[in-house]
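In the form predicted on its own, a lone chain appears below as structure tokens.
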């Protein structure tokens, strides 16, 4: 595979969960966000709120909230004599893309300046967290939190996390029928890789889920079991999340208008 400075930077990126106390200066923050703005966008349907100098997740000194934002779109369309008629699902999908592209560019820009980062997932699963962010940061209708992201100078060093084999990810022309052998190899690459890096060190992991109680050894527990336990028990109903989205002005049917 070909390599250059940019590809090496991307291949060596990893989430950081231990940070130095040093607070990145405003010039660094502005450079990171400005680089984020050069991501490909549908209509720049994003905004960024940040805080610095505190102790955020993993004791990081810098926190960003990247939002889907159709509020600004609505304002300038109104000045042009237009109203939004596109449905809320389409707008939300494009706005989530824009916010995600923005966030990824910010992460890579930060990496190039010696900073590390970690994405936080709670605002995608917890309606109460969403409402708290909306209230605390005065997000108007049409603005919705998509990504929480912490940054800072790393206080730890370790290799990049494992990823699926390329032949389990890259398919030419069509999606293939995945084989049992291919699935086994992909799962092993993830599980063995995480174990080799010291994850899931407890020799007797006991996890209780509704209707289940499993005790697994370190050799049995790995990334695929960990991820399965997440998505096998979290948030079976989307109703609470949809309520917050509707509260923030995203319509999903004519009745919501």
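Numbering follows the first chain given and starts at 1. Only a predicted model underlies this, so the values are computations on that prediction, with no experimental measurement involved.
One more form of this protein, predicted together with another copy of the chain, exists but is not displayed; see below.
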{"query": "Candidate site 71, 140 and 146: all three near another copy of the chain in the predicted bound form by heavy atom within 4.5 Å", "finding": "yes"}
{"query": "Distance check, residue 129 to another copy of the chain in the predicted bound form, heavy atom within 4.5 Å", "finding": "no"}
{"query": "Contact label in the predicted bound form: residue 246 to another copy of the chain, heavy atom within 4.5 Å", "finding": "no"}
{"query": "In the predicted bound form, residue 230 touching another copy of the chain (heavy atom, 4.5 Å)", "finding": "yes"}
{"query": "Partner proximity in the predicted bound form: residue 92 to another copy of the chain, non-hydrogen atom cutoff 4.5 Å", "finding": "yes"}
{"query": "Stretch 82-101: residues contacting another copy of the chain in the predicted bound form, 4.5 Å heavy atom cut-off", "finding": "82, 83, 84, 85, 86, 87, 89, 90, 91, 92, 93, 94, 96, 97, 100, 101"}
